[in-house]
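Taking the form predicted alone, here's one chain by itself in structure tokens.
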Amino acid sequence: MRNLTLLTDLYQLTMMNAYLETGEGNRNCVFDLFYRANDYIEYAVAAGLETAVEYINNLKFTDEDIEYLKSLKLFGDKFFAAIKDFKFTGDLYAVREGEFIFPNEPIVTVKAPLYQAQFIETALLNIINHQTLIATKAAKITHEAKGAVMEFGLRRAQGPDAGVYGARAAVIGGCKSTSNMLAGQKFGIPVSGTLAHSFIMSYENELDAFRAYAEIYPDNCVLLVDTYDTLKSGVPNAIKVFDELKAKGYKPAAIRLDSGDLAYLSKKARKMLDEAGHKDVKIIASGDIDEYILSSLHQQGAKIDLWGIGTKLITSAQNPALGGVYKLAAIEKNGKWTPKIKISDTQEKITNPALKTVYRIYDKDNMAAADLICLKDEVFDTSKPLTIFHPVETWKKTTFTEYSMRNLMVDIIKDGKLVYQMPSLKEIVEYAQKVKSEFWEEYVRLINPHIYKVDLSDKLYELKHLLINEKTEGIYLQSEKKERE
């Protein structure tokens, strides 16, 4: 991995400098990375952890970096002493890649000296936000596809890294292959592709183009049939070539539709192929497709077997940002930990304090029933009933009597050393599929999904509201004092 040490915002460095100059930099602290609820992401699929760990393990300020930073004349001697042999020495906890996660749940928790934890914020957000966003979009798309999805987004991705790491995330979200050769090489993802309209147009006529392609790739002949006229030219010419291939002992693979009314064209093409004796020829569709179009096409009875999806997947077109944030949750001084909270007039922006973890509660059918955000050292006795309640509408309660619990967060880095065995991409994909199978369809349906319960433990709820009361009362008293003066 190339050196991304300066992949950060200026204010991370100026804060880092200030911490070190004032003697605060080596205080241990806790930061949580999580995302807030929005109208499009009811659940998310965690991705990007491997890239984030690579980033942390490769942090190194080069001589060129230091020379550049000195030229800005913003930083002091203590800052340059700290970055000369910079190394992350803290702890990192995270959910596994492929885990289903919900708003306000920690995806990554950093416990480290303040100047280190502050410094890595921007890059962690950049990595986790992007890959989790694309994995989530892919999960929604593949859920609606009801057939294999090929990721075709490189040409529309917002830059090379977005294309390469987006392809990786898309596979975690459920895509079966990618057209992106660099991603295929780098991550071992199966690669797939057909041919472009330019190939058809470069020949005197469509039939000659089809025959030329079939001659080169007789064992995997996929023909793009919408260059001129799908039903009057493309499909009839494809049938001619498929007949010729069968006569030579080959099995034709598929046709691809890339434009027009995909529901109508696929049904007509399916009928034409079947009547010509090519019932085993698949129909692939591509062209600005997303989960909503997929849902509509299925409702219309479209006859499509495979999907090539690019732009709206790789850019997460309808919701182009996850909205992940990185917030201070606790800080240590003289061996004592102090929980921290951000208070806001907006309920959703009030943070959860202290070092935490997340437990998933499973019902008697071993299906996911709720998540419980709690203090990291809390222990639960599953032989006893457990009552949880909505963190805002507290009268909404659920009691579990036959249940089990699983801690979603695992130790990744301890004292600067990697302690987690990074799984292969294949293992991550299998894990993501297993996790998805633990959720009822109602939680992942496209329209009006059932709201999944994410609650706070009693101890975390009490601590949060104690801090809210302390902070707001303190502000009120200060304001009242000023008014009297």
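Being a predicted model, the structure only gives us computed values, none of them experimental. Heads up: residue numbers just count along the shown sequence, starting at 1.
Omitted from view is the form predicted together with a further copy of the same chain, to which the following refers.
Among Leu74, Ala148, Leu375, Val410, the residue placing a heavy atom within 4.5 Å of a further copy of the same chain in the model of the complex is Leu74. Listed residues Ile343, Met405, Met367, Ala276 were compared with a further copy of the same chain in the model of the complex; Ile343 is the one with a heavy atom within 4.5 Å. Note that among 358-366, 105-113, 316-324, 293-301, the stretch whose heavy atoms approach a further copy of the same chain to within 4.5 Å in the model of the complex is 316-324. Put simply, Glu442 is far from a further copy of the same chain in the model of the complex: not one heavy atom of it is within 4.5 Å.
Contact between Pro218 and a further copy of the same chain in the model of the complex is not found at the 4.5 Å heavy atom cutoff. Shown alone here, Tyr213 lies within 4.5 Å of a further copy of the same chain in the model of the complex, counting heavy atoms only. Residue contact check for Lys414: none of its heavy atoms lie within 4.5 Å of a further copy of the same chain in the model of the complex. Each of Ala157, Thr194 and Arg256 comes within 4.5 Å of a further copy of the same chain in the model of the complex, counting any heavy atom. Of all the residues from 112-128, those having a non-hydrogen atom no more than 4.5 Å from a further copy of the same chain in the model of the complex are Leu114, Gln118, Glu121, Thr122, Leu125, Asn126.
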